[in-house]
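In C-alpha cells, the next block holds one chain alone, the form predicted alone.
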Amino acid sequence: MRLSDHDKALLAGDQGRAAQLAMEALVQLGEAYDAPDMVDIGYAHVHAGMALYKGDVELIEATAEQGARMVVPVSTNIANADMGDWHSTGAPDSLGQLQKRAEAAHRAMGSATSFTCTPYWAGHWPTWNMHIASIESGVTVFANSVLGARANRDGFFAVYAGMTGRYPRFGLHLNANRQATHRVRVTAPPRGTADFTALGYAIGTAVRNGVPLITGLPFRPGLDDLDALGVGMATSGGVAMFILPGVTPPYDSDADAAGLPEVAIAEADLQQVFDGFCTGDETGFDLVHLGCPHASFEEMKHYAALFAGRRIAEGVEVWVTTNRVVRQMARDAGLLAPLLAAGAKVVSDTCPISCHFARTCSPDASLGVTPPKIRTILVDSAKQAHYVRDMIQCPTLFTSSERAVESAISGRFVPRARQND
C-alpha cells in the first residue's frame, strides 16, 4: 500500500503514540483488503464506549489518556444509558456513571458527544464525495445513498480514522463498487416510515450485501422515508448503499440496471415482515418504542400530534427516542409537552436494544445490572423489532407509527392496515 509522507510521519510517531497506534491499525486494515493507498476523510462517526462492558469504557479512556485528539469532525454513536436522566429508564446509577466516564473521555479527544445513531439530524451532514468513516450501519447507508458521501461499515477503525484523518481506499471508497448489483421493482407503495423500514428489510433479505437500484415508487420519498428504507436494508442484509433513480446520487437511470438480477417486492412481502415480527401478546406488551433510528424533528412533530390530548393506558410504558439536539429543538418548539402529558418518556443517548434491557452482553458484575423481565415490546420499526429479538430476547409486535400510538392509548395491539383494507 502506498503511503504518503504524512502517513509515514504518523507511523513514525511524529504526532504522538496514540496517532501512531491508530495509523498502524489502519495500515493493517488496508493491507487486509488490498487497499492501494489511503484517502483523506472529512468526518467520522465513532464508537461511544459502551458502559455495559466496563473494559470498553476503559479502552476509550486509555485512548484519550494516550493523548488522542480528533483531527476531523467526529460524532459519537448510541450509548447504553441516557446520560441526562438514566433514572427515568430504570438504569442503575453504576451504569449511568460509567457511561458518563466515556462521555468525558470523548470530550477530551474533541468528539461531539452526540450519542446517537442519527447524527445527521444533529447537524453532522457529510457532503458529496466526502470520504468518511462510520461505526453505525444506518449512518453508512444514509451517507452513501442519500448524501453521496463514501463510507464502509466500520468498527473501532472509525475512531482511528477520526484521530488521523486517514482511511484505506477500499470497498465503497472505490468507484467500481458503487454500482448497482440488483434491480428491485416495488409494486406496493409504502405508507409511512414503518412501511419503509419493512420495505428495506425485505430488500436487504433479498439482495444481502448488494447495491439495489430501486424502481416503482409512485412518489418521491422524504428524508425520513429514505432514512427508514436504508436502516431496514442494513439490518436484514449487509446493504451499505442503495440507488433511487432521480432521487439519490449518482441518479442512475433504469437503463443502468439492464441485465442485473431482478427482485420484486409486493404488498405480501411487506406484510410478511410485519407478521414475522408479531409474535408477542397483543394485550400484554410492556413497552411501546417509537423512534428507531433516533427520531428526526419532523418525526417528533408527528408523534406529538398523535399523542396530543390523550393518555397512555395503565400498565403501558412508551419511549420516544431521539438525539440530544433534536430533543432540545423539540422542547423549544413545545413538542415535548404533549408527549410528556400523555405519559410518554422522551429518551436520548440510548434506546431499548442499547440500554440495560439487553441480555446478550455480559456486564461487569460490579455494575449490578440485571435486565428486567419484559413480556413484549411493540415497535414501529423493523430494525428495532429485529434487534429486540436478538438482544433483549423477547417477543415483538410491529405496526405503523399511527397504530402503535393507538395501541399505547388503548392497551390493545392495533395491527398495520393492509393495502387492500
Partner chain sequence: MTETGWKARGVVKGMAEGPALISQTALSFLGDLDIRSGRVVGRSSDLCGEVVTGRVLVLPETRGSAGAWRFLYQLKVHETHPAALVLRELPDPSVTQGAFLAEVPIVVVADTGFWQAVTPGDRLRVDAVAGRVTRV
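The structure presented is a predicted model; accordingly, all values stated were derived computationally and were not measured. Positions refer to the first chain, counted from 1.
Another form exists, predicted in complex with its partner chain; not displayed. Remarks below refer to it.
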Under a 4.5 angstroms heavy atom criterion, identify the one residue in F277, W86, Y160, F196 near its partner chain in the predicted complex. Y160
Contacting member of S75, N152, Q99, S296, with respect to its partner chain in the predicted complex [4.5 Å, heavy atom]: N152
Its partner chain isn't shown here, but in the predicted complex, which of 258-266, 278-286, 131-139, 315-323 has heavy atoms within 4.5 Å of it? 131-139
Check F115 for me: does it contact its partner chain in the predicted complex (non-hydrogen atoms, 4.5 angstroms)? no
T187, heavy atom within 4.5 angstroms of its partner chain in the predicted complex: no
Is R375 close enough to touch its partner chain in the predicted complex, meaning at least one heavy atom pair within 4.5 Å? no
Does A32 make contact with its partner chain in the predicted complex, using a 4.5 Å heavy atom cut-off? yes
Under the 4.5 Å heavy atom criterion, name the residues of 95-126 that approach its partner chain in the predicted complex, in sequence order. none
